[in-house]
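Shown next as structure tokens: one chain only, the form predicted on its own.
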């Protein structure tokens, strides 16, 4: 029996990636954090495609996309992102990347570049993919679609604590403003905006623990 294809979309800091990892482990699926791919392209752009003002030169990035090789490698059960054979799993979580990823992710050239690779990974089934447009654009025929949401204050707290746990200095108000701005950019972009698929199951986990959110998602999957 073919293993399912599961799409989990939602806002930043709703726990999409960490929750998807646990579900993948429980169901024997591969987990793909698509947000990490966009962060990888953003990190590449910040290293190699800046203009004289220190901001990302998008045209330079577009012409450099063929130089980008992104791959996940299994490191003791953890999928680690490599860019051109370099482990960038910590670099992509910095504030600088967070401040620029929505700009990069809304570009059609970047989305087209990453779209087919994401679909290819899902062809054989047995995958759980999280992001912002998985159920609507990347995997519209996924077996299960979930959309995670939570209040801005709760998401701010989670993101702030995540940064501290990574040893990254952060200001809580700045984190909140960054999340609000990312929500706006992600929801209003012309190409593949963040939105709930019509057939997605919505889970508001503002007052739910990570474990409770996981159990809720699994309850829907096990019903089939």
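Positions refer to the first chain, counted from 1. Since the structure is predicted, the reported quantities are computational estimates derived from the model, not experimental observations.
Another form, the form predicted together with 2'-deoxycytidine-5'-monophosphate (DC), is not on view; read the next lines as being about it.
A.B. asks: Can residue 195 be called a contact residue for 2'-deoxycytidine-5'-monophosphate (DC) in the model of the complex at 4.5 Å between heavy atoms?
C.D. replies: Contact check for residue 195: no, nothing within 4.5 Å of 2'-deoxycytidine-5'-monophosphate (DC) in the model of the complex.
A.B. asks: Is there a heavy atom of residue 182 lying 4.5 Å or less from a heavy atom of 2'-deoxycytidine-5'-monophosphate (DC) in the model of the complex?
C.D. replies: Yes, residue 182 sits close enough to 2'-deoxycytidine-5'-monophosphate (DC) in the model of the complex that at least one of its heavy atoms falls within 4.5 Å.
A.B. asks: Check whether residue 43 has any heavy atom within 4.5 Å of a heavy atom of 2'-deoxycytidine-5'-monophosphate (DC) in the model of the complex, and answer yes or no.
C.D. replies: No, residue 43 stays farther than 4.5 Å from 2'-deoxycytidine-5'-monophosphate (DC) in the model of the complex.
A.B. asks: Is it the case that residue 189, even though its partner is missing from this view, gets within 4.5 Å of 2'-deoxycytidine-5'-monophosphate (DC) in the model of the complex, heavy atoms only?
C.D. replies: Residue 189: yes, in contact with 2'-deoxycytidine-5'-monophosphate (DC) in the model of the complex.
A.B. asks: Would 2'-deoxycytidine-5'-monophosphate (DC) in the model of the complex be within 4.5 angstroms of a non-hydrogen atom of every residue among 20, 145 and 155?
C.D. replies: Contact check failed for every one of 20, 145 and 155.
A.B. asks: In terms of non-hydrogen atoms within 4.5 angstroms, which of the given stretches 168-176, 55-63, 30-38, 195-203 touches 2'-deoxycytidine-5'-monophosphate (DC) in the model of the complex?
C.D. replies: Heavy atoms within 4.5 Å of 2'-deoxycytidine-5'-monophosphate (DC) in the model of the complex occur in 30-38.
A.B. asks: Let me know which residues along 95-115 have a heavy atom within 4.5 Å of 2'-deoxycytidine-5'-monophosphate (DC) in the model of the complex, or say none if there are none.
C.D. replies: 101, 102, 105, 111 sit within 4.5 Å of the partner.
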